[in-house]
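Only one chain is shown below, in structure tokens, and it's the form predicted on its own.
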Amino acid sequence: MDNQRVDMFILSNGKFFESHQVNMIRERLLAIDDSKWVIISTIQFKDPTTSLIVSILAGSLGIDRFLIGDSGLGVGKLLTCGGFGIWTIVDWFQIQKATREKNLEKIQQFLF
């Protein structure tokens, strides 16, 4: 894989992953063949900042969890009104990390 192409991918998509994961992703991208590059370059990642804003505004309805693909947790938050407010507050601090983990899972499907 072309170093410049990988560096551009990391530069434009680095905010979607934890900082300690970026180097591992870069190494894996350098090792893949060009046929997978088309698929990887079209992956749509969830923005952690957007998830945080949605969590602050509508987290008690579970919309933040639905947004990142955690449907089960979204239903749980919806039925309990955000765990009676406690779960909502906890998610304000954890939703960005959860979003980045979901993004990592999404890219790992194509890197392995």
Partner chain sequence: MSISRNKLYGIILTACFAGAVWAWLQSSNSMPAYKGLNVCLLKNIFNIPCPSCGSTRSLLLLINGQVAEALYLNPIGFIIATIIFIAPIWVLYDIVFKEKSFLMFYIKLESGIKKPGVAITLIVFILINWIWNIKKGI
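Residue numbers count along the first chain shown, from 1. These numbers were taken from a predicted model, which means no experiment stands behind them.
Another form exists, predicted together with its partner chain; not displayed. Remarks below refer to it.
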>> To verify the annotation, which of these, Ile32, Ile39, Val75, Ile53, has a non-hydrogen atom within 4.5 Å of its partner chain in the predicted bound form?
In response: Val75
>> For its partner chain, considered in the predicted bound form: do all three of Glu27, Pro48 and Phe93 come within 4.5 Å of it, counting heavy atoms only?
In response: no
>> Is Arg100 part of the interface with its partner chain in the predicted bound form - any heavy atom within 4.5 Å?
In response: no
> For Ile43, is any heavy atom within 4.5 Å of its partner chain in the predicted bound form, or not?
Replying inline: no
>> At 4.5 Å between heavy atoms, is Thr88 in contact with its partner chain in the predicted bound form?
In response: yes
> Listed by sequence position, which residues of 45-76 have a non-hydrogen atom within 4.5 angstroms of its partner chain in the predicted bound form?
Replying inline: Ser60, Leu61, Gly69, Asp70, Ser71, Gly72, Leu73, Val75
